[in-house]
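Okay, so here's just one chain, in structure tokens, the form predicted alone.
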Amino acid sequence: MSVAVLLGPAGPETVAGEFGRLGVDGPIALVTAGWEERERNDAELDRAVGGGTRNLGLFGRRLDILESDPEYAEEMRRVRTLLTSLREVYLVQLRHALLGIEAVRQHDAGARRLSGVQLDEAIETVRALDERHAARLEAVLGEFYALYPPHERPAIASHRDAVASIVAQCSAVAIAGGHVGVLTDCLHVCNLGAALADVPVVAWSSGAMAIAERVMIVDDHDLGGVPDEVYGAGIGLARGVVPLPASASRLRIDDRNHLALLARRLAPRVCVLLDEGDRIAVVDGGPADFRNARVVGPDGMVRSAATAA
């Protein structure tokens, strides 16, 4: 039986408590790639879970792959440039589409919530834009991996084999947060998802985002005014949910219109808020257990899953 536990911001003791709840007895593999250059600063986490951890070193492995395979690295840079261009166009379109929603809402002085045919159509425009962007990202990366199959690149294959071997010797895997873009890149290039089929996983903060199927970047207080955006795909260990860690500080949590829009953009996936103390669990890739988490409904109300059901 495989279990994935997704947490919001969590300290080492909280993470250790989750492994205790799961009955993990044995070494734990660590993924701290999101910490980038600080990847190996894991002593506190190691002590909390009882010592003997094995850091998979995914950030360092990714750097080694790019240094060892110049052809792959050069093509990856080209792809990243293309992805950046796609994002820039998407954000331009997204800003205009979001302004359209606000214009429709204000036009109808009686619409105090996101409802009505015109608003539904405006929201669907944004949702369709999100889905097209996600599909384009997938298509670009799919074409790249078809031309440069990772399993056929010796440097990548070697690191993937090493990672799978270490995970096979461990009783569980811990996936920390940090930079979600770097983390997801490292998880994908090292094919960690394939090694996690029968291993308990605890992931927190950006780590929780990275093991879902859809990564959504939300920061309503961004100084640059960047709107909530579809970032790309995680490794799909937790399906049907979009985790939003640190929602108390990142979301306009009292703005029901805004939350309703976010929930409807992400539908049919469930928008899950993960602050300190929140927790969801996924067993054998099945439906998530939301009993200790909060979800955002299409009306913008935040509820416990039991209440929402």
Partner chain sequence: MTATSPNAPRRRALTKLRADGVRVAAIDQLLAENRVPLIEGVACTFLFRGRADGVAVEHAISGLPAPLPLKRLRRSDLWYASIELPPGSRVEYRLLVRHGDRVDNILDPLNPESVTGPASTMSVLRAEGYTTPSWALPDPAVVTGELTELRFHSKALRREAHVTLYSPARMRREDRLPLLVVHDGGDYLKHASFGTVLDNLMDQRTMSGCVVAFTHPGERLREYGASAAHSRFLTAELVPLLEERLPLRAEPAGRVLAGASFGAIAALSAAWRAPGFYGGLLLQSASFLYTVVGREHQGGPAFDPVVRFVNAIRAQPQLTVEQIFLSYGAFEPSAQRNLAMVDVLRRMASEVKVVESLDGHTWTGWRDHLRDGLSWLFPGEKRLLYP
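Positions refer to the first chain, counted from 1. What you see is a predicted model, and the numbers here were worked out from it, not measured in a lab.
What follows is about the form predicted together with the partner chain, which we do not show.
Picking from 167 to 175, 117 to 125, 152 to 160, 80 to 88 the stretch near the partner chain in the predicted complex, with a 4.5 Å limit on heavy atoms, gives 80 to 88.
Only one of D284, E37, D254, E44 lies close to the partner chain in the predicted complex, with a heavy atom inside 4.5 Å, and it is E37.
Out of the listed residues L237, V201, V180, A195, V180 is the one that sits within 4.5 Å of the partner chain in the predicted complex by at least one heavy atom. Within 4.5 Å of some heavy atom of the partner chain in the predicted complex lies at least one heavy atom of R250. Among heavy atoms of G100, none comes within 4.5 Å of the partner chain in the predicted complex. Shown alone here, E229 lies within 4.5 Å of the partner chain in the predicted complex, counting heavy atoms only. Contact annotation for R132: none of its heavy atoms lies within 4.5 Å of the partner chain in the predicted complex. Judged against the partner chain in the predicted complex with a 4.5 angstroms heavy atom cut-off, the residues E67, S205 and D219 are in contact without exception.
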